[in-house]
Each structure stands twice: as C-alpha cells, then as structure tokens.
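One chain is shown next in structure tokens, namely the form predicted alone.
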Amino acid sequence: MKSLEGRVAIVTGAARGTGAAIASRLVELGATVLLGDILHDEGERVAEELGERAIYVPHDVTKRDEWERIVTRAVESAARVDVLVNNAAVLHLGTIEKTPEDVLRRLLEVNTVGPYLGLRAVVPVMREQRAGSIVNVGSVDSLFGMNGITSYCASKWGLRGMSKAAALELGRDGIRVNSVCPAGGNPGMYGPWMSQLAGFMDETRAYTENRAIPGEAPLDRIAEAVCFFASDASLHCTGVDLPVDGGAHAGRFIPGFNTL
C-alpha cells in the first residue's frame, strides 16, 4: 500500500467497528485522521489509542453545521482535506409492512443524506487543491437486493448511485469518488435484531458460507480496500464499486457441485 504521509482524512462513524478499523489503517499509513461520531466516549478512546495523528471530533452526519465544523477543523489544523470516508450508517431489518416511514427516513438521513452533506462540505476544499478522494462505504446490499432489508437497501443503493454521479461531476476537478461494498462490518449493528435472527441461524449461516470465500469480510480487509482508494495507487479509478464480499456478488457456491 502506498504511503499516506502528510495526507488529512475525515472518517465518519469512526468510534467503533469498520470506521475505527479504517481510521487505524489510515494512521498506520501516515495520515492525520479526524474521527467523527456521535459516540463520544468511544470516539475519544479510539483517538487516544491511535496517537497524536488521530483527532476525535463530535459529529452528526445529518447536521450541515457539524459537517462545516469538522471540515473547518481539518483546514485549521492542516490546511487541507485529502480524503473523506463516508462510513457512518444505521441498519434496519424488517419487512416493508413492518417498517414505518419514519424508520426509512432515518436510514436515508444517515446513510444517504449524510454522505451528500459530506460531499458538499469537502468539495470546495478539494477543488481548490485540485485533488481529493471520497470513499463511500456501501454494502453488498447496494449491489443486489435481499428480502427483509428493503429500507436499508434503498439507502445504500442511493449512496452507490450518488457515488457514480459525483464521480462524473467532480473528476475534472481532480476529485475521485469510489465505493467500497463489504459483506460484513461492525457486528454491533446487528445487536438489536439478534433475538429475531436466532430463529434463522441455519439460513443466516448459509448466506455467509455459500460464497467463493466463506464468511464475512474481516474489518482489516475492508479498511485496506478503503485505503487503496484513499491512496495514489488508485489515481485513475473513479466511479468504481469494489466489493469486499468473498465473491457474494458473483453468485452462489453450491456445495457438491465442485465435485461433479
């Protein structure tokens, strides 16, 4: 992986899980990272663990003024913003009939509108630099649908579409926009639904095991994919969807068929 020495990155949802792993890898590669989150104690703890190049900033991605604040903090401390990682997200499991519209609106606000506000906040700085990398953390659920998560899919497909349109709009300004689409991430997101999922353990296990590479993507591999887009190794890549899903998007592995 190419060095990110001297680069400045903003990572949302960085207090735990995928965001914390991304922030950690960016720091390892030499970047100064502003960690945004609404989980203040956890965010401060992660920043302290990562050292002097990690700065925690309380940040709600749905608030325009808080986007302005975190970007201003980056510019004041380092005079630039090189990387934005839109990672913050919320999950909802539930059928269409059991998902009220206010829940859908909340998912869209965090998972889709939040990254849009992020683009609006960093683009002026990146345009002036004539360089920048925006990485939107989508999901395997932004590549194909699945029953029971229609609201979540709607928000993540919206983010993926936004990434492609923004890549076309900003490419001539030296700004790249790409998506990382993992099958996995912060296991804590599933916490509220574990009791319901307990009744479908065989089906859930089959969902993750019937892939070319079984299991969910480890956090460090998701982070590595994000850092690829953040670095100069991907200078001619924009509008790309990079699945980190063990081949889930490629189709379904059928046990026994490889012995035919």
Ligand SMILES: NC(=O)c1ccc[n+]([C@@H]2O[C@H](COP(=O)([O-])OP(=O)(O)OC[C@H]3O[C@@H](n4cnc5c(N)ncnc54)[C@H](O)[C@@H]3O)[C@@H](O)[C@H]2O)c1
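Please read these numbers as outputs of a predicted model, since none were measured by experiment. In case it trips you up, residue 1 is the first one in the sequence shown, and so on.
Not pictured, yet referred to below: the form predicted together with this ligand.
Taken together, the three residues Val33, Asp82 and Gly118 lack any non-hydrogen atom within 4.5 angstroms of this ligand in the predicted bound form. Residue contact check for His249: none of its heavy atoms lie within 4.5 Å of this ligand in the predicted bound form. By the criterion of a heavy atom within 4.5 Å, Glu28 is excluded from the residues contacting this ligand in the predicted bound form. Of the heavy atoms in Val226, none are within 4.5 Å of this ligand in the predicted bound form. Mapping the unseen interface onto this chain, Asn87 counts among the residues with a heavy atom inside 4.5 Å of this ligand in the predicted bound form.
Stretch-level contact analysis of 160-168, 68-76, 102-110, 120-128 against this ligand in the predicted bound form, using heavy atoms and a 4.5 Å limit, identifies 102-110. Applying a 4.5 Å heavy atom cutoff to this ligand in the predicted bound form picks out Val137, Gly138, Ser139 from 112-141, in order along the sequence.
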